[in-house]
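Have a look below at one chain only, the form predicted alone, in structure tokens format.
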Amino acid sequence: MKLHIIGSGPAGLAAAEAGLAAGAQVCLIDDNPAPGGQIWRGGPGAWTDPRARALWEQVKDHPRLTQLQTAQVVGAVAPGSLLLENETGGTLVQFERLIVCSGAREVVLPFPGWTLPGVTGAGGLQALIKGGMAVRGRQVVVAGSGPLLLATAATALAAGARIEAIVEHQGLSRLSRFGFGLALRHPGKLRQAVSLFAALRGIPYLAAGQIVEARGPDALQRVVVRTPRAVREFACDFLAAGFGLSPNTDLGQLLGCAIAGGAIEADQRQRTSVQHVWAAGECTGIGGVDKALIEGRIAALDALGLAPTARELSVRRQCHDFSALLARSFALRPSLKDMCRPETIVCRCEDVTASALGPHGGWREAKLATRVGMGACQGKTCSAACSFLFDWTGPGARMPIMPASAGALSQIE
């Protein structure tokens, strides 16, 4: 039996390892040049998580593994068929059983100055550092909401950056409830959080804070933040602004999978609503590496007609409980809309401001009138911001889900 797996992050690698161990042929497809996804970015030479190395050792030279790296999925052409594009052009791939591990995207919220060079997403800065960008001696402010802020600050600090401040939008009461929830049901996660805080000791941590604006004539030089006690200004070279992650459901939508709560809907065996299609990892809901690993493994087992153990199902439930705690604790608060002023650019591809979007009643109407979402990213960045700012329903996925050449699209009969 052959499994096709989209994505070689933790969920994809776990699915590949389980599939190979069970005797399947596995085809692992990823648009990055190296395995690992965003969580284990940088490839085997950069990994510090022993679980990544252990999985990779099990799969990398396996005779039943086929790898297609730097191959992006353009779309689902017909039932059981995907269109891929790599440096040699387009290729149609037929699949019998498909596991979608398409990960997540960072949520970007606009504020004055967010388009200046030097302003990135929190995950974006982490990825740049893992990719080799030098930040030694550079000043960094991390702001937004969620645990990714701490992880990004720790990565930048370990790379030699000077962290000027960590600005968390949630207040102390909600953060305390999150910590209590970790202590009560997720002691391992609590130890991770304590370890991160210990590594970041001495760095100002401002709760209930909010970005006011990023400043600089041509590139970022300073960031202004507001807390309940004061307005403060920090000199910085980089502002990592993180407001959480959103499941990447584009391929799942094209395949016809049901979407619930912004994620690909999957049952406890990771089955989607489409026969012979499974989903695992962040595309089924944000929960981190532990959730991705167990979901990937369960998806592969079920795709091969094997049952997960009671312990594996218990681990999955525990991971989903943590995922729900994250969602409750770090849900974006309406007050974050105040960051965006009328003159603030929302769609950076087409330079569309908030005031130009405000009069419209929905995404499609605004798109027709302003070109929002019609630039290079095709709304992958600004549609989430518009959904949050204006309560619009975002655009549905359609072919091609990634920019593709005419040559690749010509493969469609």
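The model shown is predicted, which means the values in this text are computed figures rather than measured ones. From 1 onward, residues are counted along the sequence shown.
There is another form of the same protein, the form predicted in complex with a small molecule; it is not shown, and what comes next is about it.
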item: Heavy atom of each of 26, 277 and 304 within 4.5 Å of the small molecule in the predicted complex; value: no
item: Of 113, 209, 123, 118, the one that lies within 4.5 Å of the small molecule in the predicted complex (heavy atoms); value: 123
item: Contact assignment for the small molecule in the predicted complex, among 39, 59, 354, 385, heavy atom within 4.5 Å; value: 39
item: Proximity to the small molecule in the predicted complex (heavy atom, within 4.5 Å), stretch among 256 to 264, 123 to 131, 166 to 174, 228 to 236; value: 123 to 131
item: The small molecule contact in the predicted complex: residue 350, any heavy atom under 4.5 Å; value: no
item: Residue 140: touches the small molecule in the predicted complex, heavy atom cutoff 4.5 angstroms; value: no
item: Distance check, residue 101 to the small molecule in the predicted complex, heavy atom within 4.5 Å; value: yes
item: Close approach of residue 105 to the small molecule in the predicted complex, 4.5 Å, heavy atom; value: yes
